[in-house]
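You are given structure tokens for the same protein chain in two forms, set apart as structure 1 and structure 2.
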Structure 1
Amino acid sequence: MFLFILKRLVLAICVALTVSAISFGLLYMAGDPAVAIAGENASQQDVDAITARYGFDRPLLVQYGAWLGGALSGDLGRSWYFDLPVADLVSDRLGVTMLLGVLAISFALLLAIPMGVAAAMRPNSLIDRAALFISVVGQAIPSFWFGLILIVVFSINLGLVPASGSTTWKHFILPTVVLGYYATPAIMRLTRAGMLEVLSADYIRTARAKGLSGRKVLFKHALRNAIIPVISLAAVQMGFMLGGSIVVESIFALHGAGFLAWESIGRNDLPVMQALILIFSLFYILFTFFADVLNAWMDPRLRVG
């Protein structure tokens, strides 16, 4: 088992490094980073000075190699834009994104799983149609629009919550709903499909025939099996949350890592982008790994092999 985890870990790091190497090259295609740093009003003199200072005239491979060497020794470099250590900058912002991600996925699970179960128990009923409606609307509405609508209703008209910022728990309510709602449809539909399949399985009929209560059949036998693919999906969604929080963080002025990533692309702040891509990739791989372990724990059949 230890060897298996080690292999997975090495593979994960290789994937993360590959992603970061590709992104390094791609990001350079967005134009001269010296111009991006210098800004729109900068003179050629300014751009030349920045090129020399940051070593942009070195071959791309040399620049990537220098970054990688630093990263392996724990030094993620300094932000070209902020001129602050990337590690400090990222750790300062990652907390907000992680918190938002956890809140949003919790919101999505709490909304989607009960609705998915309810919809599966009464197919084509009113509740099933309501679930379908929520699912379709959730997929169709762009999060920037949904966010603004919530701000207009709950912040401007009702004055219940602040429109932007991250200083109190109230600031996180609207972003959580917007980001969580984004993940809801897929989880709800998968729960419904899984439950429908499981509820028609023989062992459920057997359990019912044994005289077990409906609740016991539903939660101990059916849901436990139907939820397995949902866990994998939630792990993937959590990965999306980190990246997908870009728009939400921007609307609600939450200075998280998603927003930092978005802004860093525009600013060609490569050291920050490199670090974030690496960290996001590692998180993504980590979530998937934990989902596999959790699945194996819930379903002993998956432990074989």
Structure 2
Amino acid sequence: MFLFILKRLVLAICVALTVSAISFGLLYMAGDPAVAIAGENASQQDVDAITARYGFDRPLLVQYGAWLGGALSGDLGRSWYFDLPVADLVSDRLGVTMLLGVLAISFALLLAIPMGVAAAMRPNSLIDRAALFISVVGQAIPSFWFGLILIVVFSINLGLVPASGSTTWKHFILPTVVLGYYATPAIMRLTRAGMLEVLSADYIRTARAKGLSGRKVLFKHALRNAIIPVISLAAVQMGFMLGGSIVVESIFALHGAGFLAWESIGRNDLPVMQALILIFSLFYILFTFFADVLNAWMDPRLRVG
């Protein structure tokens, strides 16, 4: 198990370094960053002054090393728009996004796993078809359109929950449903497929032949093995949710890191975008790493290779 964790840790560090290089390269993808800060109508003297201030005239590797060293110590640079430390801007917003992500993945798991299990227990039944319908609809509906429909129905017409803001727990209800529903179809289908495969296995038939109760066979023997790939998928979905929060937080004016990313794109605030891409990617790598370790702990066969 130790060797497995060590290999996964080395792989995660390599991926993180690759992501950091890509995030740093974002600074130069739009051209000269000094011109981007100064504006198209700025004089050459202003551009030269900004180049000297931010050190854009240094070799790229030196700039990357300085930026990476600063990021590792918590210094993510200064926002071009706000002229404030990026770390302070992100830390003020990240808690909202993380809370939304945890609520959304919890909503998705609580909805998808029971429906996936029920569909597998009764193939081709009404429950199975309802699960398939939810899965297809969930994939077909764009999240921004689904969010607008919920706002019209539950905020404007019924007045049950607020449509925007992030000051109370009620502000998180609709964003949680929209973001969580995005992950539900994939988790439900994987749970159903895993349960169908496990329920037809020999050891399940043996457990039933020994006289074990249906509940014990389902929860102790079948669900534990069927849930292993779902854990990996949930970790991946959690990573996607952090990225998907950009759209959802923008729709509901939820002042999290996703909304900050949306604002930064509009303001061409590249240091903030760099930091958010790096942080979202690191969370994605971290979730995947812990999912791999948890899967290997639950199924020792995965530790081989």
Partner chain sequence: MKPSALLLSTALTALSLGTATTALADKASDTLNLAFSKELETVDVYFNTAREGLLMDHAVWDGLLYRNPETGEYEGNLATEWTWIDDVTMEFKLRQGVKFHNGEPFTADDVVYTVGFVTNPENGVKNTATVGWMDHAEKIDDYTVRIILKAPFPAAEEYLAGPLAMYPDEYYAEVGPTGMGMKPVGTGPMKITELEPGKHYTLERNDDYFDGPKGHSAIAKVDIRTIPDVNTQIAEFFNGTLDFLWNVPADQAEKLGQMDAYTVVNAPAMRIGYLTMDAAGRADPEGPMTKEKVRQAIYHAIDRQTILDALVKGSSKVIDSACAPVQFACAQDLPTYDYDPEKAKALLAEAGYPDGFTIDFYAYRDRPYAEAMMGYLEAVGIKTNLVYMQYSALREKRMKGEVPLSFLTWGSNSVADASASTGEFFTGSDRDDAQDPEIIKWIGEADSTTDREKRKALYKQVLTKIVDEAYWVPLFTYNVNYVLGPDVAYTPTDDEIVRFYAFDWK
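Heads up, when I say rigid core I mean the largest set of C-alphas that superpose within 1.5 Å between the two forms. Residue numbering: structure 1 sequence, from 1. Keep in mind it's a predicted model, so treat the numbers as computed, not measured.
Source of structure 2: the form predicted alone. Once the rigid core is overlaid between the two structures, A21 counts among the residues whose Cα shifts by 2 Å or more. Relative to the superposed core, Q63 undergoes a C-alpha shift of no less than 2 Å between the two structures. If you fit the rigid core between the two structures, you'll see the Cα of A49 move by 2 angstroms or more.
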